[in-house]
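Just so you know, structure 1 and structure 2 below are the same protein chain in two forms, each on its own as structure tokens.
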Structure 1
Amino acid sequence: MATKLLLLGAAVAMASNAMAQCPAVAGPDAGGTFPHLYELAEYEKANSCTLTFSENPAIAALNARIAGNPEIKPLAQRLPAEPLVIAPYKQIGQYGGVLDGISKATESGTSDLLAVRHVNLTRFSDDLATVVPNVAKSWEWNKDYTQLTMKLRKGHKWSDGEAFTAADIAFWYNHLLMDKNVVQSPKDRFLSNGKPMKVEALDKTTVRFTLNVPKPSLTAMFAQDYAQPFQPMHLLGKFHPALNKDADKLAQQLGFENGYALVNFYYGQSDWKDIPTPLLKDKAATERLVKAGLTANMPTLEAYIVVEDTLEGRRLVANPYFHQVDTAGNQLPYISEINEVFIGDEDIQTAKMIAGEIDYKTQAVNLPTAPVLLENKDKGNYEVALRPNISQTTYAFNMTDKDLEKRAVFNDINFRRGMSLAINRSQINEIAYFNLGKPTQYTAFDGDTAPFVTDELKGSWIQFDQAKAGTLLDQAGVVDKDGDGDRDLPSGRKFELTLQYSTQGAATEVAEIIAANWSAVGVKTSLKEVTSDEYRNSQSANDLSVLLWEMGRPLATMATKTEDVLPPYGTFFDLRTGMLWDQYRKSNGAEGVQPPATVDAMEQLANRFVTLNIGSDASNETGYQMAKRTVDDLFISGTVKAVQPIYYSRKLGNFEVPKTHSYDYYWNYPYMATQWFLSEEQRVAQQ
């Protein structure tokens, strides 16, 4: 009898423990299979508890500000059945407040704030090496890395409360990305050996990617990519002519020309998610959509949703259906709102940071501003951390310049080598980077994360030698024919360069030194500062003779795509050259200019590289050959690789200073901005 009572008591105790409130785990050592992450079942089993959930007290009011969003549902119906549990860096946070940020303009200098709200199927952990779950709960490869199967979270919902399923991923790929009426030309990273993948929804929570060749870095690509591989089929599908025979009629009833016009109004014909929202595009059309029971902006899985969008800035509120909770069961994010203002002037941006009016800023904070920021940090109640920059300021000459004589000069390797030797990189390091950098050649790969990039490659054609530079320029046929001290084109025409630049892509001091150095060897160079939008549009239109922007990728990025080593050597947001080479390749020779043979050789190397496991002997050897060809060609040249400032308020809780200043890992995305919070003092100050 006594034994039975003991057993009964033990069973009661076990049941009691199973129903106990879970501990609010936080701190540097917290986490389950992955640091600072738990799956719900994993967390409850490890702590013999059942997690109960709580919400932001203001969430109903925040939801009411999302134009067209349905009335909020109870929390139990908003959270997934399998939420991702976040163990905060330091402590359980507090709800409320407004995160104040600053950007240059719409689509300009905005990505570090985009990273605050960003989600993707996977994420890099803060070690910048381990790919961890996010929207996807788990995944599995077949033996030869040609088939990736991902499991999603049961009960995950879009921001309007509709179910998110594997069909939304298949819809994104098959009916948006691969439909030329929506995306004219899909990016290489979303293809396999230049051809479409097969993307299929096996059931509501299982999606399979079948590749044409091995691509073991596909999960890393999702972890870094700003584009989101899922879109709301429940909204866009009803207006997609390939899926609904009545799509055009429905769209016309809402004032659109046809179904595709409405799809593009929401989706924007772009995988870049920071295009102007419908709120900014067309107010009248947005009002019609809301009146018809649709959301003003497309439903999202992100942590924050845009509720105001003007030419002066954006306002965002927390997503009431976000899929993450902390270890106390609080739905994330903690911070209620984001206020993003657009200010293009660097001096005004710096002044606002000094005054402590900004809570966080990484992108477009140039090192020359660090001294004044550091000097005033106590006054403004903020901190400034200097972190290694994966990219560096690079320059390039337009290999398909509209001026045919300049184009011929730029295509002469002697010219490119001579102009590289003419630059005093030590002076750049001293004046622009306070001797905190290191002169280095552009090798496509970041030399600090790619072990096969040798010192010899990093040191090629970077010594300051204007005499040798002059000899090489002579050999390229640009000599002073009229005796005025400036070099002329081979025909005798004046040879003058205008170096347009944006402070988002290069510090003014760097541009000034380069222009002065080139002028000193007889290539007269003037400067023109422009906005990043102006720069990017001119560059993409093939209107610039000289390009100046940051470039350089970590090994993990280079293993996922080939676009950085092939014309035009990046995206709209990067440095680009050889636009007509790119046109020739895409049109199979029908348009544009045929690139030199080295481009085809690089393509063969790059296509092989993305099929190999990072760190293998084959990967390292192929990567070295790619880096060497980059240096031999000098289509893009490097200057100085240095540190860059990261600015953050002292009242920003659970903030972890990033290991690098890196767009490629998507700024703060590896550091879980959803668990940031603002102290009570900060919240009071903002009210």
Structure 2
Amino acid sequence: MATKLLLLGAAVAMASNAMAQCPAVAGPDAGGTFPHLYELAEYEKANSCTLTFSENPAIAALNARIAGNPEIKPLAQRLPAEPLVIAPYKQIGQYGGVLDGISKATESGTSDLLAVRHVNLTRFSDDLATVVPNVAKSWEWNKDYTQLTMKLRKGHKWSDGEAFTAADIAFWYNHLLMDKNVVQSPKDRFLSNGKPMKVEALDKTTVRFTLNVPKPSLTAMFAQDYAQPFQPMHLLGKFHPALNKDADKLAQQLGFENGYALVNFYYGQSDWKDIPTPLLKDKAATERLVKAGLTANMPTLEAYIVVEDTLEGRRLVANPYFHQVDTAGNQLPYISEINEVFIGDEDIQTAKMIAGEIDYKTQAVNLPTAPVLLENKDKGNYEVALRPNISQTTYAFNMTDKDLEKRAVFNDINFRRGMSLAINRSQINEIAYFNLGKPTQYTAFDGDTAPFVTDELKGSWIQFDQAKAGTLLDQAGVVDKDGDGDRDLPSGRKFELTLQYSTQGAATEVAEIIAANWSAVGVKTSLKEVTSDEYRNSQSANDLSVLLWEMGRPLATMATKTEDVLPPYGTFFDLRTGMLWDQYRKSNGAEGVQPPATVDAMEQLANRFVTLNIGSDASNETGYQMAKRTVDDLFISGTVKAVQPIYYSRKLGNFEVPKTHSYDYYWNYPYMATQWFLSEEQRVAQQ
């Protein structure tokens, strides 16, 4: 018996030798064409080997928990013929475990856990500039960037085992987004020049997007977008009245009003992915669906699928059909389950983090909790990393103030420069951010990740120099006329500023220091805290003289739209200045106030920037020009760029600490949460 086993073992060893075992490549610098990624053929060719696949031993049990999912097929039939091979950050992981996380509620504070399971056609690599493949295998642009042709993976399957094809993408666009019964009006980013694009499936694995105007950033948009640009046509198409004439009848047999009602029940009428799943919406209805041989939740391409959904939390299991494998051939994700609990209160969240009850949290971990988190990290066996935010608290003067004299003063560059020099940013850093932030000028881009934003730009007009500030204010004609110690308007009228702010846009400490600093150079400034609603309404109604809110966008977003550098510089929810300039431009000069020439120059730069490929020399050069112009104009001024804590368990293997603490790039999506694993050891995570 023993001999037989030995022989068998030798035979197996010989057989695998003949096929040449692939090396299990891992580490920070691994990767093929793109960092950490290989296509299967590319990987096998580079190492002249054949990758053999293996699966999570618990996968059949996990599959059984997906209500309505059919019996599991062998791994070879579940993986695509062309899986995406991932080289882990540190090592080949171990299967199993439950990733514990906290959100605030069903639709609140969920996105950093959503990002763990998230997939899209493309992804941003961890350099935050390179767009790399994910669901899409490769893509090609036509010459003028109006036609994007994407190749998908052969044999890619939905989480219920049905084939995923290009038709699922065309279905999402043409029959969900563009059908008023499903989505009332599509979001602007899915349109091209305000009109629908043309999305067609050329064959099973080829999809083509035809745009009305050039938009090279479309691939970057997919890389950042939380919405899933593909939906299971094999399921939803059955109940879609435009595709199946018996749709209504079928849906009515299942107890729904009509086909659209059932489509909406699954799809949720929205692209937010944290909307209640059918399991939460109406559990009884999902039981009817399962009885009829359908899945309770919509099948997904993501790494995990929701199997329980209550108002207290969600539970997810690994998708048995996920399209990624590691370099040793193990199907990803390593971690079997996600357990998401809803905790609304920040103090309880902190208590749970200190107790080590969760494994990972970024969103809604605020700087004031950093000291207590750092103090207890050995007790709870976790690490805390402090990473810069992308945006920062900025202020602006209203360039089209209703008060004409104030408007003239605000339009004087000397005034804006003087007021900027009057601010003691290191004091702000010390008091509001425990000296962990960095005084930074506003450059429209995120200065920490956009390569062309120089230190010189970031450091312009931010030194604390009250004497020079005074001189500049004198030059602007803002001097003390009546001898009461405070500066007055050029006409001699009293000059007083009211800094209205909301704590959602700026910390009270920041507002207090700015007001005190300005008063110290003679510009009397008082404070008034208002609700965010009140602030936003008065800002857009052009009622405020000073604006104070968070601003700053990542490079990838700046490359998709021009509105952040043109009046009024932000949406209803951001900081806005120059409302009347905007009115003038929108009405072609019929109403409003004519903006200065620099706005037109900026428009030309911005219009060019969005047609350029991120990271190219031309793009970097144009980006630099835009950042420089932003600083030269100083319509908006920066204060201090803060940091925020990122929390992760020491048991979380292959965790790459994100470069920024931000939603942009979709939290940890660039850092490949699918290759995280939970170790038995107490410490595997890097510090």
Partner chain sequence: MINFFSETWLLWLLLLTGGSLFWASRNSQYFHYVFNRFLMALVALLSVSIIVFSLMEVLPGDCAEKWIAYKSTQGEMITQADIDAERARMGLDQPLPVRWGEWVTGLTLKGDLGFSCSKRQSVNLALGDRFWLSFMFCIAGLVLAYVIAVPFGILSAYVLNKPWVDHNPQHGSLKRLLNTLGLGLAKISDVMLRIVSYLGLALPNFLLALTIILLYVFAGEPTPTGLFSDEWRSEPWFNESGFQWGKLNDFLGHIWLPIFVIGWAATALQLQTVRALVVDESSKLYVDAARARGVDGLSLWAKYPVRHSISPLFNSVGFDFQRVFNDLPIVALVIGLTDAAALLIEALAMTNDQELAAAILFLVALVVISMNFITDIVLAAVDPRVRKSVMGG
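Model, not experiment: these values are computed from the prediction. Each form is matched to the other, and the largest set of C-alpha atoms that superpose within 1.5 Å is called the rigid core. Along the sequence of structure 1, residues get numbers from 1 upward.
Colleague: Can you tell which of the two structures I gave is the form predicted on its own?
Modeller: Answer is structure 1, the other one does not fit.
Colleague: Can you say which of T557, N389, Y535, P320 is at the hinge when one rigid part swings against the other between the two structures?
Modeller: So the residue sitting at the hinge would be N389.
Colleague: Can you work out the angle, in degrees, by which the smaller rigid part turns relative to the larger one between the two structures?
Modeller: Interdomain rotation between the two structures, rounded to whole degrees: 36 degrees.
Colleague: Core superposed first, then measure: what is the displacement of the CA of G437 between the two structures, in Å?
Modeller: Its C-alpha shift, to one decimal, is 3.2 Å.
Colleague: Taking the rigid core as the frame, how far in Å does the Cα of E509 move between the two structures?
Modeller: Comparing between the two structures after core fitting, E509 shifts 7.3 Å at its C-alpha.
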